[in-house]
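Heads up, the chain below is alone and in the form predicted on its own; it's given as structure tokens.
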Amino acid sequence: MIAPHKVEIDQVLVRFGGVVALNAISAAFTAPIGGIIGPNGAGKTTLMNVISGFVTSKGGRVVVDGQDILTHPPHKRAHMGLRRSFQKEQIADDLTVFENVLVQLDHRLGSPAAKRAEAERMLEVVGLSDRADIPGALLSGFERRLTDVARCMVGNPKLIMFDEPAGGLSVEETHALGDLILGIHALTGAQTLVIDHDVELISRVCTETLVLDFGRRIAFGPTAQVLADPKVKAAYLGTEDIA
């Protein structure tokens, strides 16, 4: 079995003006799939933006396999194996499905034939081989998401982050997406972090989960245990708080 990478978030602090968006957040993700949940405005996407380099922290570290990636610019993090999807899929409408995946390998070493073979293999994994020549503009929402997943899996990723990947998907599509996420580690060796409001998806695919509320960590640990925490139910599920 492939050993998972370790992602250690250590005292990450982010301020936007006078607002503390992330208040010294710490969590060590060691399982193949981890979740990050919380109500709107909790700081989930901000934390992902810090890890990927779109937001600069005022303090703290993010250590992947013993290396603080916050000391590197975003493009260097991508070269190190960091992959990121967004709430809105970053699919080029004027490129085919295959081209959207292949372009992610531009910076990688290897022959053109090897890169094409890898892109083809990932399209087969996500079930889009028969749509490889279709322009992005003609894809359904689910097909765009699947293309995005394939893009994240090529090029020997170490850490893949999905920001609300199930947004707008049907129950059946969400289940299929969950199957794909569950298979990422065995297929690529990458660790995966998932933000989503779908508690059923988080419960199904994530071994451990971090819960944020107003930029603070309110829980972290095994997902089932975290989701049963009264403070989590109060903040995220809207039940009465228990002091």
Partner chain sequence: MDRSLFRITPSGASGLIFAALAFTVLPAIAGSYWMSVLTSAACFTMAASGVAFMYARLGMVSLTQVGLMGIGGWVALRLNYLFDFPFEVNLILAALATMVFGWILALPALRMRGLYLALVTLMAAGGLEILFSTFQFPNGGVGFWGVKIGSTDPFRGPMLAQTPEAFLRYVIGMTTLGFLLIEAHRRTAPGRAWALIRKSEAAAMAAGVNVTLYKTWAFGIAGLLAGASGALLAASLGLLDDGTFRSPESILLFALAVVGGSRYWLGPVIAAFLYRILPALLNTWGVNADLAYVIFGIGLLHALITAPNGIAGQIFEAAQALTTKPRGQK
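Residue numbers count along the first chain shown, from 1. Note that this is a predicted model, so its numbers are computed, not measured.
Keep in mind that the form predicted together with the partner chain is missing from the display, and what follows is about it.
Of the candidates Val125, Leu169, Ala132, Leu95, Leu95 is the one whose heavy atoms come within 4.5 Å of the partner chain in the predicted bound form; the others do not. Residue in contact with the partner chain in the predicted bound form (any heavy atom within 4.5 Å), chosen from Leu139, Val149, Ala119, Leu82: Leu82.
Shown alone here, Glu164 lies farther than 4.5 Å from the partner chain in the predicted bound form, counting heavy atoms only. In the predicted bound form, no heavy atom of Ile160 sits within 4.5 Å of the partner chain. In the predicted bound form, the partner chain sits within 4.5 Å of a heavy atom belonging to Glu99. Contact check for Phe214: every heavy atom lies farther than 4.5 Å from the partner chain in the predicted bound form. Residues of 63 to 79 placing a heavy atom within 4.5 Å of the partner chain in the predicted bound form, in sequence order: Pro74, His75, Ala78, His79.
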